[in-house]
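We begin with a single chain expressed as structure tokens, specifically the form predicted on its own.
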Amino acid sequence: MKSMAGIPILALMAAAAISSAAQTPHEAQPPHRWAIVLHGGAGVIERASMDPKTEAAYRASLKEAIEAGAKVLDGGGSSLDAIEASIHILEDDPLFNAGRGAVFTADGRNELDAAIMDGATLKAGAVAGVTRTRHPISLARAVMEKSQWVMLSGDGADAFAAHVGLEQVDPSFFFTERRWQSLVRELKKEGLPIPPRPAGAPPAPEAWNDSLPEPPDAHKYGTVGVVALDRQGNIAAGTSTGGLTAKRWGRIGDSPIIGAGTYASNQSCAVSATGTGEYFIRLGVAREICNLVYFRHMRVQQAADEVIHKELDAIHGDGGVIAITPDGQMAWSFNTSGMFRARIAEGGKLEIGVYNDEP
């Protein structure tokens, strides 16, 4: 038998998680109190650049999304079901950089990424570069549950979505004028050509006056994510994103990469990240937080702060995370001026935050 160093430890963790999930009715544990944490992206989000109408719209959307997940959990649903319910709302909300609010690539396309992971079994699913599937988080879950793979990309991922019956839409479904104008501004700043307006998009306005102006760079690296604990004691994590405004060359960030932007294990914690993906990939941020919880027995808030405010800061990365543990600890941590976020536990009070000077 190999030593417990290195890879074999991962096997032991997986075996422990699977064994825990396979308990007989005689070994069943008392019901857990459910809990859920949500984020809608981190970045330069400051009061000085956020008008009251915009702030109210974001807070209302965060409330709607987290309440959808909480309703699933309160009805005895699984953490995976709750994550999917919450992220569906965020993917359909043009305020957020996911689904219908996704930013554009330099080629003028919306390319969507998502991932989901089940802490009870360590099963995971992820997709990248999706352009026709309405809810990428549901496609990630289908990859996890209905295929032998973990990650699919591009046209193949959309084809698989159609194969398993997930709703398909014309790429113009994801078009929003706000994101298109953001692309135009970014390409002009970088001295790059502006692509033709996408087929199926509404006619260009004669003059653009955004009724919901957003803070500078609020969605440059935007993402949405949810972590949840259900009454069965299982945790899970899910993340969905439109990626980086004006990205080129098929760039993929951390969101769909298991261990970087998304990770969950009943033996430690569940994490969803948002920020400059290249740095989160290099650190393996989501798994790093879970490792600190598992191997160093840190509380999840301490572990999240250690990674975000020390390890990420040290390599000049920016962003944030949300996290949850099987015993109900909830955490968020970010080194930017703001992160759209919300959390609630069974019997507790809903908390919604935007700026870094809020609890």
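Numbers for residues come from their place in the sequence shown, where the first is 1. Fair warning: this is a prediction, and the values are worked out from it, not measured in the lab.
Keep in mind that the form predicted together with a small molecule is missing from the display, and what follows is about it.
Trainee: Taking 4.5 Å between heavy atoms as the contact cutoff, choose which of 120, 124, 244, 257 touches the small molecule in the model of the complex.
Mentor: Looking at the other structure, the residue within range turns out to be 244.
Trainee: Consider the chain as shown here, without its partner, and state which of 262, 79, 86, 223 has a heavy atom within 4.5 Å of the small molecule in the model of the complex.
Mentor: None of the other options qualify; the answer is 223.
Trainee: Report the stretch among 272-280, 185-193, 88-96, 226-234 that approaches the small molecule in the model of the complex to within 4.5 Å, counting heavy atoms only.
Mentor: Only one stretch passes the 4.5 Å heavy-atom test: 272-280.
Trainee: Indicate whether the small molecule has at least one heavy atom within 4.5 Å of a heavy atom of residue 253 in the model of the complex.
Mentor: Contact check for residue 253: yes, within 4.5 Å of the small molecule in the model of the complex.
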